[in-house]
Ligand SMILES: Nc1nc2c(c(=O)[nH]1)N[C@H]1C(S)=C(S)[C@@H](COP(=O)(O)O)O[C@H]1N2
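The chain below stands alone and is given as structure tokens, in the form predicted on its own.
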């Protein structure tokens, strides 16, 4: 290869590397607060949104506002013929646990938050669910790809998995899943079901 060819190839590879580095730098601010001022192309910004957390789908977009704010809302925990129903006040009266867990979205952003609520495994114990059981989670959303999701036993019985009622020291904002949502370690944000309606044990 001639010197000119080698120079051209090096220049091309340098250009590709520089472009990739620039793209990372201009989107990383959605996950790293110190880089937030550089976040020109990322869809979300650190610290932006209700309770300093980004929102990728609002209650209005999900068409759940009236149902989520209805005082008659109840969370159903179902295992075959056994069903327990909990109002938000009832859930708040149960033993509360805390977990520092991130929201990691498929859009590429993530941010940490302090969550407080009832451990999912405690609610499952109320219906005598086996420790190796998975669960089906249903949102109040009338439709959508993630209105119904499943969660394996490795998440459902993890002590850090919560039916969250508060975030960062405040009651959940409606856009963050009020009256209750799931938060579990190591699951994408789209599977952290907001506006929770039903938890069904799968045997």
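Everything numeric in this text was worked out from a predicted model, so none of it was measured. Residue numbers count along the first chain shown, from 1.
Unshown form predicted in complex with the named molecule; subsequent notes refer to it.
Checked against the named molecule in the predicted complex, the candidates 75, 123, 105, 99 yield a single residue with a heavy atom inside 4.5 Å, and that residue is 105. Taking the partner from the other structure, the named molecule in the predicted complex has a heavy atom within 4.5 Å of a heavy atom of residue 53. Contact check for residue 86: no non-hydrogen atom falls within 4.5 Å of the named molecule in the predicted complex.
In the predicted complex, at least one heavy atom of residue 57 sits within 4.5 Å of a heavy atom of the named molecule. Mapping the unseen interface onto this chain, residue 166 falls outside it, with no heavy atom inside 4.5 Å of the named molecule in the predicted complex. Annotation for 152-175: the only interface residue with the named molecule in the predicted complex is 175 [heavy atom within 4.5 Å].
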